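Form predicted alone, single chain, as structure tokens, below.
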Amino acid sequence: MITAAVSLATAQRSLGDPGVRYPLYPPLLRGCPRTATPGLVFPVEVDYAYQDVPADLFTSSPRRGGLERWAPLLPPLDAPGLGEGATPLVPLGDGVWIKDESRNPTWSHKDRLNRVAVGAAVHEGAEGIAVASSGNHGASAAAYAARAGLRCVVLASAGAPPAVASFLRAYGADVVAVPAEARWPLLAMIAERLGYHTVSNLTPTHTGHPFGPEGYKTVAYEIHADLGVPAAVFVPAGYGELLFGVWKGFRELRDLGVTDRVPRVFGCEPAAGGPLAAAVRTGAPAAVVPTGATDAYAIDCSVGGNRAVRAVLDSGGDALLVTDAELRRARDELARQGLWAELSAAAGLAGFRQWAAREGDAGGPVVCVSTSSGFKDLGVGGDPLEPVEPTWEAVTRALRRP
């Protein structure tokens, strides 16, 4: 076990009832049992001794790489890192900025979650971790498990992109392709029978790993360090953990007196599903919806959770449904600026463009989070180059004209 700067994490508290508290360990991987109903489980979040936060935490120069910079406001970092975090904020023009999470070690935002979640597995003495994922989460979990010397089981679907399957195996993970509806029951069995620590969801409405969104808070800390508080942040939303983490990070900055406000936070989901939008529209604490066809497989979720609903409503934001056509336009716009994003990762920019066309100026700078590299997309590698004769005539015919 390694120990970075001292964590000020003290407990887990229920989002269903903030007065309900639990010890910091073991992490409540199935949410809050005391507020749960058969159809709804509230997540828990990590609480801290905020009164002991170092006065210079948000003003001093970074002393360490990775998430260690923010260790007092994270769960104990009991697993080694890979240099996650500190991703660039790239100007797109006209007050729009892209927080490019593809610069993380496994090329997605999931590295922030898995740094803290795998640390919990190390703390608990687990032999391995288990995750249900066909994309970014599985690849990231496999990398951080390998770094920590833990075994990793990834329950994927047969339709996972071939490049991602290779990515998972490269880290030594056991990759098992099963039907999507079987992944979560099998995940629970692996946890119960093998004692593996799960880093993905086990409940009918999403709770996920309670430490995961704490890693995502650092996105907000970094945006504030580079830009201050934007008018709004547009975030791709699947289960909504990243959305909640960004909101909580800005909420902490405000509550600690570092800032005076929280930006509006928008969750951007595929129009083929949208559990967050369904919950926001109906006033439900969380929702489960049917899903249709979409190429945005990384955020194609039928199950929502209360975290995302809370972030959207408390910040004055909204849940936006974006079509695949809007996603492709946003992805192409990013590519023209030199940013190769996965289709799902472009949902933040797609949501902002849709919202701006309807609402106009946001009243200040806007940050769109781009969550992952285009390397992870469906069909990558399936369009090989055609050989061209090495003659001037053949080459000029092959050149694209302006």
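Please read all numbers here as calculations on a predicted model, not as lab measurements. Don't overthink the numbering: it's just position in the shown sequence, from 1.
Quick note: we don't show the form predicted in complex with a further copy of the same chain, though the next part is all about it.
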Next on the checklist: Counting heavy atoms only and using a 4.5 Å cut-off, do N104, A156 and A225 all touch a further copy of the same chain in the model of the complex?
Outcome noted: yes
Item to check | Option from 258-266, 190-198, 320-328, 279-287 whose residues, in the model of the complex, bring a heavy atom within 4.5 Å of a further copy of the same chain | outcome: 190-198
Checklist entry - Though only this chain appears here, would V303 touch a further copy of the same chain in the model of the complex if you measure heavy atom gaps against 4.5 Å? => result no
Item to check | Contact flag, G39 vs a further copy of the same chain in the model of the complex, heavy atom cut 4.5 Å | outcome: no
Item to check | Contact test in the model of the complex: S373 vs a further copy of the same chain, heavy atoms, 4.5 Å | outcome: yes
Item to check | Contact test in the model of the complex: R254 vs a further copy of the same chain, heavy atoms, 4.5 Å | outcome: no
Checklist outcome for this item: Answer key, a further copy of the same chain contact in the model of the complex at 4.5 Å (heavy atoms) among L57, A49, A335, A356: the residue is A335
Checklist entry - Taking a further copy of the same chain in the model of the complex, which residues of 171-192 have any heavy atom within 4.5 Å of it? => result Y171, G172, A173, D174, V175, V176, A177, V178, P179, A182, L186, M189, I190
